[in-house]
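Only one chain is given next, in structure tokens, and it is the form predicted on its own.
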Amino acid sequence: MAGKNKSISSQAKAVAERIHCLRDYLDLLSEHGQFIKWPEAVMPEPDIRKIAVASGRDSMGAPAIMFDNIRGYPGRRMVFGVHGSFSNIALLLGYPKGTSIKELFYELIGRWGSDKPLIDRIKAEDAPVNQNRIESDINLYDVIPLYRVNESDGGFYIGKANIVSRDPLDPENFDKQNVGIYRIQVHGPDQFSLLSVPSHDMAHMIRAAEAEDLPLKIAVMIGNHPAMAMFAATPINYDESEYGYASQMMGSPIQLTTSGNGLDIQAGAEIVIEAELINNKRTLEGPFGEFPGSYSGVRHVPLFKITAISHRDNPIFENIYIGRGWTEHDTLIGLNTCAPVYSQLKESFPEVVAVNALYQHGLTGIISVKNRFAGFAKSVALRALSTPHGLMYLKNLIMVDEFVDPFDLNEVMWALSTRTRASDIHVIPNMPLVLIDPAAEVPGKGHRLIIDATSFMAPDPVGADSKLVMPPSGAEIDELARMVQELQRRAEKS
């Protein structure tokens, strides 16, 4: 996917240059009314969960929320909703609040392309994350205000950490240094489990370490640069750097330092937990209320031993609410799931116009494409299923014409209603599928559904006498729509 990004606006560059860590981003959000502090003392459960659910009802405008009076955790702070709305994402990209999802998508893919890292190296002794260090008598419960994300979770979970690991067979290769988001269940003061599906980079590294009896050290970064939180969940190739993509997308360097166990970590992270895989040791993990909106069950997963903890003064624990959508999970990874799938498809099929994979981490995707001939859209759909993300996640695909906005579900429903025939629906059984899909036949195995809702093309004889109504579109209509919105805002103020 290496290539050349489009130029980033001066406003976006100004935002990128002022943000080096989570605290900088919270300051930016605060300036725009997108960050609040909860005024009352809260119980970790159920208060935080209830507030997260209430806030998540506003996917366009919900603020980040800080809790600094948590019963049972005196002096501890936590924040959620940092990426909880598309307005927060817009501000990160240098756009105003209320920018449409479609506009943010095209901005994101316009920047997509280069993974050459832009890095500022900070000496370990100068890095804020190393202001405090714990190497003995480690007790995670003393550092983080832990709680169950959903009421029937099997334990305390950390849901939004950036986890750094190096390929145990190629540890000096920076590009193979993975930064991913994997759910972590705490199993004691100095132990936790980590879940990754077979296609994830972390799973590959665990298999390699255990097969060769090699050490696998990781660093769990909590409270991160907002761009890193986005791109740690982005499905890019194994040898592409998340640090590289995040820095290139922002157009400004990411500040890194070296962890005590030799990994590249964010210098401004709030908390870093250093740990090592206990080879060939498994523990029971779950249940956990996952993004499909159901509990994921219990399974045996790898176990890690904590070796040290570093943290800033007065650290902020950043966590996320995950459950039946819409939640921060969806706004956090929605756009940056769309972008790589679009980029990978575009290499093979320049006719692809847009990809909407916002829903449940892309379990359902909508792809708009300019048809070349009958059956062409189905071929594009099959290519989407072979992308790194599509391999395990893209379960239901709806293909629409290039003039159908895949981010406008009214237009998508029109296409489904008027373009789809029974012969345009295809089910492919016995396919790999993410373990936590509740509709899977067995965990890790299921179907693919392709619905071709594109217009009929030769040599298809059906529909040749039905001429479509093509309403005016383009830059002029976009400008008129903005004018209508501006006049409406003025009317509201008058």
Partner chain sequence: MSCPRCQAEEKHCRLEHEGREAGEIIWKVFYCQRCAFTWRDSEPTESIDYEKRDEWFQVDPDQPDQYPHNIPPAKLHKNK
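Residue numbers count along the first chain shown, from 1. Because the structure is a prediction, the values reported are computed rather than measured.
Only in words, not in the display: the form predicted in complex with its partner chain, which the text now covers.
Shown alone, this chain has one stretch from 352 to 360, 248 to 256, 140 to 148, 382 to 390 that lies within 4.5 Å of its partner chain in the predicted bound form by heavy atoms: 140 to 148.
Note on contacts: among 171, 260, 98, 188, the single residue with a heavy atom within 4.5 Å of its partner chain in the predicted bound form is 188. Checking 73, 403, 376, 414 against its partner chain in the predicted bound form, a heavy atom within 4.5 Å turns up for just one residue: 73.
By the 4.5 Å heavy atom rule, the three marked residues 109, 340 and 346 all fail to count as contacting its partner chain in the predicted bound form.
In the predicted bound form, its partner chain sits within 4.5 Å of a heavy atom belonging to residue 206. For residue 420, no non-hydrogen atom is located within 4.5 Å of its partner chain in the predicted bound form, even though that partner is not displayed. The closest non-hydrogen atom of residue 324 lies beyond 4.5 Å of its partner chain in the predicted bound form. The shortest heavy atom separation between residue 152 and its partner chain in the predicted bound form is within 4.5 Å. In sequence order, 295, 298, 299, 300, 301, 302 are the residues of 288 to 324 having a heavy atom within 4.5 Å of its partner chain in the predicted bound form; the partner itself is omitted from this view.
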